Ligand code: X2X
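Presented below, as structure tokens, is a lone chain in the form predicted alone.
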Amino acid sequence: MILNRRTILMGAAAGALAAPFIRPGAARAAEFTMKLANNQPMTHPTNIRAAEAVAAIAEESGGRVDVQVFPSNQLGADTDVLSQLRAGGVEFFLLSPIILSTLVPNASINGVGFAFPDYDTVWSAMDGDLGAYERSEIEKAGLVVMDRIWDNGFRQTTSSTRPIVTPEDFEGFKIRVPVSPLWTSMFTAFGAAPTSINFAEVYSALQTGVVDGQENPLAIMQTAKLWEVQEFASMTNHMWDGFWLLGNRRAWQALPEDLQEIVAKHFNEAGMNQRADVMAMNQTLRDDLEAEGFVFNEVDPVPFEQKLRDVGFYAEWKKNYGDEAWAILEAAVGRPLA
């Protein structure tokens, strides 16, 4: 059922990229034509549901709103597109809050290493007080943000050299991380050698040996075919990450209120559906990736969390985020970290 629906929606998504929506029965283009960028491949649930959302927006708005989807970093690397979003060259952008922290420092608090034990805790936090806190910080920076965060998933570690089983296995390990101080800080705390590289360049960096490994959710490993340049997959679950659907404030305010409601409704519904898709995908991804050649191993998170506590990682980030934000995080995960 999921695969059939995915195939159908991929066709719709490809059509959305080909041309702006034309009002049914009319000879002129939509009243509002906007761009939605992201860094996910076309086959990822993010773009399947994005295509579904923009089709629904066009239909319910009577053709007044046409949102064109640009996947796979087509409009540039994440940091470049964030600049375009702020300038108005892109109207919407699905972006990890951890990468967004280059602009909104406290947006990354959900990515604190080994904080979330499971998805129930994630969604309670991100649909609750922690998500509300992050959105308030994002809005202070002049951006619009939808209510529901989309799922990127728990992040796992891959390697071309050795499996990661204990914190000591990270020592001297050259690992690609996104452009964010939180990632760099965590892997440095483990004694690794993190290198910030935009996702569009990850495959080639792994292929040429610039780095030994990388970390991402399983869905991204599959759609980006990372098994071709990696061998070991360690289920570290070291961070949970999502995608906030961000908007340019001037473009958003130019939409009449009724159109804002239509756009927000369908983007939020798409986010909820995308979460379910990623959950379903995760149930089969490990088998699929093992069939492609990945060698998997389980990881006990307790020694990793203790290592971060011992070296002062949590204490440092509590200071960086501030007492208020840290208290919201600890309440959300149900235990003290620092």
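From a predicted model like this one, the values you see are computed outputs, not experimental measurements. Start at 1 and count along the sequence shown; that's the residue number.
The same protein has a further form, the form predicted together with the ligand, not shown here; the description that follows concerns it.
Visitor: Considering non-hydrogen atoms and a 4.5 Å limit, which listed residue (Ala233, Ile99, Leu218, Met239) is close to the ligand in the model of the complex?
Guide: Residue within 4.5 Å of the partner: Ile99.
Visitor: Just give me the single entry in Asn152, Thr157, Asn248, Ser108 that has a non-hydrogen atom within 4.5 angstroms of the ligand in the model of the complex.
Guide: Flagged contact: Asn152.
Visitor: Tell me, please, which stretch of 174-182, 203-211, 187-195, 122-130 lies within 4.5 angstroms of the ligand in the model of the complex when heavy atoms are compared?
Guide: Checking each option against the 4.5 Å cut-off leaves 174-182.
Visitor: Even though the ligand is not shown here, does Phe243 get within 4.5 Å of it in the model of the complex, heavy atoms only?
Guide: Phe243 belongs to the contact set for the ligand.
Visitor: Since only the chain is shown here, I'm wondering whether Asp78 would be in contact with the ligand in the model of the complex (any heavy atom pair within 4.5 Å).
Guide: Judged by the heavy-atom cut-off of 4.5 Å, Asp78 is in contact with the ligand in the model of the complex.
Visitor: Would you classify Asn47 as touching the ligand in the model of the complex, given a 4.5 Å non-hydrogen atom cut-off?
Guide: Output for Asn47 is no: heavy atoms all beyond 4.5 Å of the ligand.
Visitor: How about Trp252 - does it come within 4.5 Å of the ligand in the model of the complex, if we only consider non-hydrogen atoms?
Guide: Contact with the ligand, no.
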